[in-house]
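Below, in structure tokens: the form predicted alone, a single chain.
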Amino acid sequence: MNKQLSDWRNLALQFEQQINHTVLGQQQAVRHCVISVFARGHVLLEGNVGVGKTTLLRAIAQGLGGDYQRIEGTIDLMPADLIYYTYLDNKGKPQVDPGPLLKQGESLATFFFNEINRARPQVHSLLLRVMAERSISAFNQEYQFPHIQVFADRNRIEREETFELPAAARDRFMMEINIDTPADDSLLKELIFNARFHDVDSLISGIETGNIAYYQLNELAQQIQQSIQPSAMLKNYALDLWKASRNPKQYGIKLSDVEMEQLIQSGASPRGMSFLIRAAKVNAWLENRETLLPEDLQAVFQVTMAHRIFLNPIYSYRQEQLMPELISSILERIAAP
């Protein structure tokens, strides 16, 4: 590994350490978010209320620097609200100002969409283009966002006045990460009783900004992808993982009380597999390796693939139970080289 990549790796690990010091008990989620930053992929966080999703995203934005914008998903939010907002000035004249997407222009680095499932499908469609093309059309011109990374979250409890994300929108997220309450009692006591965690603004401000230059991340990501190489056997292993996620019965995978030939409605796309490989290469880089290993794919398989596998309606009501079982069975059944 060349010196530049090695130096960046040290900065990435420091970045990860700072976030773990800010958000306790979420080491795996933090690692996945750090991977997404250096793989240049968008992230959807899911979890109950008050488990630290927003704190985690604010910590990432603080560490990366660059401009940051946040919008709240509401049922009356319209696509135009992301682009501009209108108001009456002190003279009673109508004014138009740039909205959260346009306000910082090309320096916008982190865009946080809070409770994305409360927004209408029309808003999802606009966000889909921003995520896919990093550009938007407004006021008869194109606006580019070369450095933007979208983070969104949704809570899994409230279902009223919410809209499920369409498959195309979910597929644009490199990762879908579940955030759960820490199980360790000592961590829970720390979060509850340590006053340091009661003031989120003060907590976030303690994270150093500028060690990682957001405007260099695109170039760095390309270097990482080029420097980590898979073997021919590893390529075959990745292909088998993909095929098993689309047709698990063919690979002898069985789940209790499930007709396996009827389980999968749609599997991951080739784009989803490319996200898996991109994320796995960053994992290898963080582990100071120049060769892609099976454990790199296994480390990110759940968060990059589970939201791309759609179950048939007769099994979709058991999604939360069946999907982890399916993912685990695939990783156990497919022999690693």
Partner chain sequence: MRFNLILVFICLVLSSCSSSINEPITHFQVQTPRPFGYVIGDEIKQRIIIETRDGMALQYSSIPGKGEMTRWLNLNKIKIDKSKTGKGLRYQIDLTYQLFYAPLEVKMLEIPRFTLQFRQFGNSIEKTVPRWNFTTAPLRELAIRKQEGKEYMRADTSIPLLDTQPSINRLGLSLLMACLFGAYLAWLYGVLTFLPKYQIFKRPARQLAKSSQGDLSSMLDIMHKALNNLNGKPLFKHQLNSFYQRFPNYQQLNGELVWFFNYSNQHYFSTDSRSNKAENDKIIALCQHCLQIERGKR
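None of the values given here were measured: they were computed from a predicted structure. Numbering follows the first chain given and starts at 1.
What follows is about the form predicted together with the partner chain, which we do not show.
A heavy atom within 4.5 Å of the partner chain in the model of the complex is found for one listed residue only; from 141, 231, 250, 222, this is 231. Scanning 145, 214, 237, 112 against the partner chain in the model of the complex with a 4.5 Å heavy atom cut-off leaves one residue, 237. Only one of 285-293, 306-314, 42-50, 270-278 places residue heavy atoms within 4.5 angstroms of the partner chain in the model of the complex, namely 285-293. Under a 4.5 angstroms non-hydrogen atom cutoff, the partner chain in the model of the complex lacks residue 28 among its neighbouring residues.
With a 4.5 Å cutoff on heavy atoms, residue 332 counts as touching the partner chain in the model of the complex.
Among heavy atoms of residue 336, some come within 4.5 Å of the partner chain in the model of the complex. Although the partner is absent here, residue 298 sits close enough that one of its heavy atoms falls within 4.5 Å of the partner chain in the model of the complex.
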